[in-house]
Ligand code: PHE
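Shown next as structure tokens: one chain only, the form predicted on its own.
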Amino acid sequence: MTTPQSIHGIWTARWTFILAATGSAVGLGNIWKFPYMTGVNGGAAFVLVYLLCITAIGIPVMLAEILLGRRGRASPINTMHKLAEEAGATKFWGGIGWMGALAGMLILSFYSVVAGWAVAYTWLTAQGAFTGESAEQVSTTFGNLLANPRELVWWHTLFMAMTLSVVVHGIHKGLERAVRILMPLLFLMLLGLLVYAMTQDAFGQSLAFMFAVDFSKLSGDSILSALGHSFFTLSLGMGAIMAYGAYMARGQNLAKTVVTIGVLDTVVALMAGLVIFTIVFQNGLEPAAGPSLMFQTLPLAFAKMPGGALIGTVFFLLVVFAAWTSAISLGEPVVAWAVESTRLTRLQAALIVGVIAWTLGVGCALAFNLWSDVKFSVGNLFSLNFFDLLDKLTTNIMLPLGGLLICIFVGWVMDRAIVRAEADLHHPQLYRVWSFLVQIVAPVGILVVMLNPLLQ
């Protein structure tokens, strides 16, 4: 099979692709989920296992997924159909692209709702809404936001419009221009917050919490959580990274680029953790607050500290930027497929995809208020509201299944000469290690994460 250039264009520079892929990976998972998971799971021991899992599973699977995108030079759906035909394999493998693109659109729908909370909190914090408030008042503010369907839908709509405003302009005028602005600003804001954290008395306590390993605090569930999050934090299995790989220039070293992306993503997560735990410890709050850490615990800390309104505004703006760079990558795979496979223009395709994702997102927003009593259940297996249903369906089933199938396809179905040439792992031993990780270690790890909830 020849490897023509993507009809959507090629990243103009290696660092542009790195910024875009890092932007896809850096999102709410790094700045919201990773810190609270670290807090709940005992700190440093969890971080160590997470780093090992990123190395042994996350980065190898990312290399496999980008490899597929660069080889196919099309949307994930069309890429997988092409590569299955090239390998002489069944058309079943084309389903990887369909499942990834669908998962990305479903994730975008509820991701936009949560990102909307961050947009709302940026506005509230900038206005000084939390200054001087008690823990009960801060908690009430968040409860009132969730209980107000009109407000939730408004913030969700605003964030979705922000996302579509980038996707609609394509790779050069949209994606590249956005990441060249948003990612440096994201790093600058995070670095500024880290410098602030380093001036606080609790910074040493935060360092110890995250890096002084105590294995007695590590449970089996903690290990599984680290394994699962290492996979999901890199945006794997949802088509986004494969789509971005299709726009990667042929002469760029794939392996070095993937390692750089994995390192940057991990550094952002660790920096965010240091910032958040310093603020938490400085104000005598609970690091194991769970999912409420960002929207209830941190606003209380900002309410107590001098200059808290400014620091809080910068923090929530950082969260918005991180969510924005991830969201544009979620919409790209389906939009790219529509442009390739139909007569739709990119504007028309982006609007259609956006309206579908927005509509599903409205259902997710209403799950916190008007539709809170509406449950979706299968026998005694689960009973979930609409938001949780989409979250569990994508996070627990579609993404790991997509990652598992990518590993099997690259590790066992594709021609080994093609895989070796595309992987850019020129040292034979490195290639053998990566192949072992993709063929054996990553599939086993993903299966453990997938099957664990069923065995509880």
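Keep in mind that this is a model prediction, so the values were computed, not measured. Residue numbers here begin at 1 and follow the sequence given. Each form is matched to the other, and the largest set of C-alpha atoms that superpose within 1.5 Å is called the rigid core.
Below: the form predicted in complex with the named molecule, not depicted.
Residue contact with the named molecule in the predicted complex: Leu28 places a heavy atom within 4.5 Å of it.
The named molecule in the predicted complex comes within 4.5 Å of a heavy atom belonging to Ile107.
Taking the partner from elsewhere, Phe316 is found to have every heavy atom lying beyond 4.5 Å of the named molecule in the predicted complex. Taking the partner from elsewhere, Phe159 is found to have every heavy atom lying beyond 4.5 Å of the named molecule in the predicted complex. Here is the short version: of Ser225, Thr297, Ser326, Thr257, the single residue with a heavy atom within 4.5 Å of the named molecule in the predicted complex is Ser326. Note on the partner interface in the predicted complex: the residue among Ser235, Ser75, Thr278, Thr163 having a heavy atom within 4.5 angstroms of the named molecule is Ser235.
For the candidate spot formed by Met80, Trp93 and Met242, no residue has a non-hydrogen atom within 4.5 angstroms of the named molecule in the predicted complex.
Annotated contact segment (heavy atom within 4.5 Å of the named molecule in the predicted complex): 28 to 36, selected among 28 to 36, 415 to 423, 385 to 393, 54 to 62. Relative to the superposed core, Ala269 shifts its CA atom by 2 Å or more between the shown form and the other one. Gly354 is not among the residues whose C-alpha shifts by 2 Å or more between the shown form and the other one once the rigid core is aligned; its shift stays under 2 Å. Shown in the overlay between the shown form and the other one, fitted on the rigid core, is a CA shift at His229 of 2 Å or greater.
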